[in-house]
Each structure stands twice: as C-alpha cells, then as structure tokens.
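Encoded as structure tokens, the following chain is the form predicted on its own, with no partner shown.
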Amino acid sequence: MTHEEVKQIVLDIIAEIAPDEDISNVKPDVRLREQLDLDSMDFLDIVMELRKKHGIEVPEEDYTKLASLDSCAEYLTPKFKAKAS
C-alpha cells in the first residue's frame, strides 16, 4: 500500500463521517483540524473506522501522529503493509 492510497483511505473516512466537508482541496502538510471543521469526536470516529474497516489499531498515545494527511500516511502505511503480509 502506498502513501497515496493511505491518504485516500483517510479522505474517504472523513467524507463518510463529515459529509458536509469539502475534502477536494485538503493540503497534505497542514493539520486536518485546521483545514476542516473536525472536532475530537470526528477524530475518534476516524480512528474507529480505521479499526472497523481495515483492522488498524491506533493507540491513544499515537493520535497526534494523525494530524495531517502526510503524517497519517507516514504512520499508517507500515501498519497497512504489516497487515497485508
């Protein structure tokens, strides 16, 4: 799984949990909460969807690693690769 595929998974989850948000112009290096109207419950929903749909566990101490699309890709890509092997 590539960084771009992981970014798309995160964007797809955001589109599901916050359908009113325009995700077409999300900058990969800017914090998601600064670009989108996401609150802490939305963020928890993202983490829950990663676990439910993809079997990816994100411990609470790692939540800060999911701040931007780039950091999501950095953190999640190895997890997806490990799950696929």
Partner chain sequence: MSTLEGERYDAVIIGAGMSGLAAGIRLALFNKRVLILERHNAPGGLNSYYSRSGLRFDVGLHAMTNFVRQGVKGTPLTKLFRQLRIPCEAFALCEQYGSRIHFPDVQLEFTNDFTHFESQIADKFPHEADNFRRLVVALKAFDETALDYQPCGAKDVIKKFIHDPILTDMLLLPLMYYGSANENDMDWAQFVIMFKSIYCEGFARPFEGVRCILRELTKKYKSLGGERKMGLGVKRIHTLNTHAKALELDNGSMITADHIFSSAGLVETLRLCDDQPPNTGGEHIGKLSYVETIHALDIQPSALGWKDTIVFFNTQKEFTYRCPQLPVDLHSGVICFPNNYHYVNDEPLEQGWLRITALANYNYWKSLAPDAYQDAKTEWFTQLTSTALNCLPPVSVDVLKSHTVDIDMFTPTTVERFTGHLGGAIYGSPQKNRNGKTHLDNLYLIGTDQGFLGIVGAMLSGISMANYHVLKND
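Numbering follows the first chain given and starts at 1. Keep in mind the model is a prediction, meaning the values are calculated, not measured.
Although it is not shown, the form predicted together with its partner chain is what the next lines describe.
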_in the model of the complex, is there a heavy atom of its partner chain that lies within 4.5 Å of any heavy atom of Glu60, even though the partner is absent here?_
yes
*Is Ile17 one of the residues lying within 4.5 Å of its partner chain in the model of the complex, judged by heavy atom distances?*
yes
*asked:* Since only the chain is shown here, I'm wondering whether Lys27 would be in contact with its partner chain in the model of the complex (any heavy atom pair within 4.5 Å).
replied: no
*Using 4.5 Å between non-hydrogen atoms, is Arg31 touching its partner chain in the model of the complex?*
no
*asked:* Do any residues of 17 to 56 have a non-hydrogen atom within 4.5 angstroms of its partner chain in the model of the complex? If so, which ones, in sequence order?
replied: Ile17, Ala18, Asp20, Glu21, Asp37, Leu38, Asp39, Met41, Asp42, Leu44, Asp45, Met48, Glu49, Arg51, Lys52
